Ligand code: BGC
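Okay, here we've got a single chain as structure tokens, the form predicted alone, with questions on binding and movement later.
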């Protein structure tokens, strides 16, 4: 069957690869789930893997099947599978366990090992193919009523985790009731984080470069948050209007903005970095000032990457509530469909060249 893959270490090597169709019998213990892939989302991670900035093939292979944002339908299940059945819509988590205690208890997104396993990213093949098989534990059912949001399940899990981890960490405060939040970046993670924070009742400001009106500002406004163009209002100027934010979620992909956010966080606040920056950029920061303010202000910096099953389930619940609160807004994120695995070159072109491509995804098969 067809798959879209790269040759790790070789820039711009994306290509079609013929691979064997998997079977539920590939998974021991009768817990295998065979999924027919319907759609796969792609993002900057896939672009950077194709640029050979990171990513490794599974042991014994020269290629890495890409794609970590999947949506499909269950085709067949092993005899001991209980959570899903044939015909169910599903997505799949991305991280797979290593050997640390965190991996063994189901929090493999928090592994303490240097080597990690991610489908479509590092040492495990991804979902950009016609079928995949995985253990029941990593398959998450998607309600039929959310099938129109298909490939948003994985990015939503990351947004849900980022916010949840901030609240989990702030249990140290005994009482923490943030009022004002900044979301830096209006890509898919930023927009979905905006939703999660609005559902928690915060006053949310979503910062992006583009001047409104535009699609991103339309989505932010549709979520009853405030869109701020940094071309018109700097982060420092915004602080003079709103006061220092209690919570900042960085989803820009810019290390400069990630560090700038440290200068503006409020007392007892949390800054969550979700961006991956694969370059080698260096900047200067007012380190003495930041050090003083952060120690005296009891501020907290969190790195949040990937998500486990629990975060996927949280995210799906928030998507469902979001559809009730803000109907038909979230689907506006899904801007650029590509038809078929054979169109992988167009898929990558959109990721690299088209600045209007908020969300690129591949229609792998019809329902």
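Numbering follows the first chain given and starts at 1. Computed from a prediction, not measured in an experiment: that's the story for all the values here.
Missing here is the form predicted together with this ligand; even so, the following discussion is about that form.
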Can you work out whether this ligand is within 4.5 angstroms of a heavy atom in all three of 110, 162 and 301 in the predicted bound form? no
Which one of these stretches, 22-30, 322-330, 58-66, 304-312, sits within 4.5 Å of this ligand in the predicted bound form when only heavy atoms are counted? 304-312
Indicate whether residue 102 is a 4.5 Å heavy atom neighbour of this ligand in the predicted bound form. no
Do residue 283 and this ligand share at least one heavy atom pair within 4.5 Å in the predicted bound form? no
Residue 50 near this ligand in the predicted bound form, any heavy atom under 4.5 Å? no
According to a 4.5 angstroms non-hydrogen atom cut-off, is residue 216 in contact with this ligand in the predicted bound form? no
Option touching this ligand, based on a heavy atom within 4.5 Å in the predicted bound form, out of 138, 116, 176, 259: 116
Proximity to this ligand in the predicted bound form, single hit among 158, 207, 223, 204 (heavy atom within 4.5 Å): 158
Do any residues of 31-58 have a non-hydrogen atom within 4.5 angstroms of this ligand in the predicted bound form? If so, which ones, in sequence order? 43, 45, 54
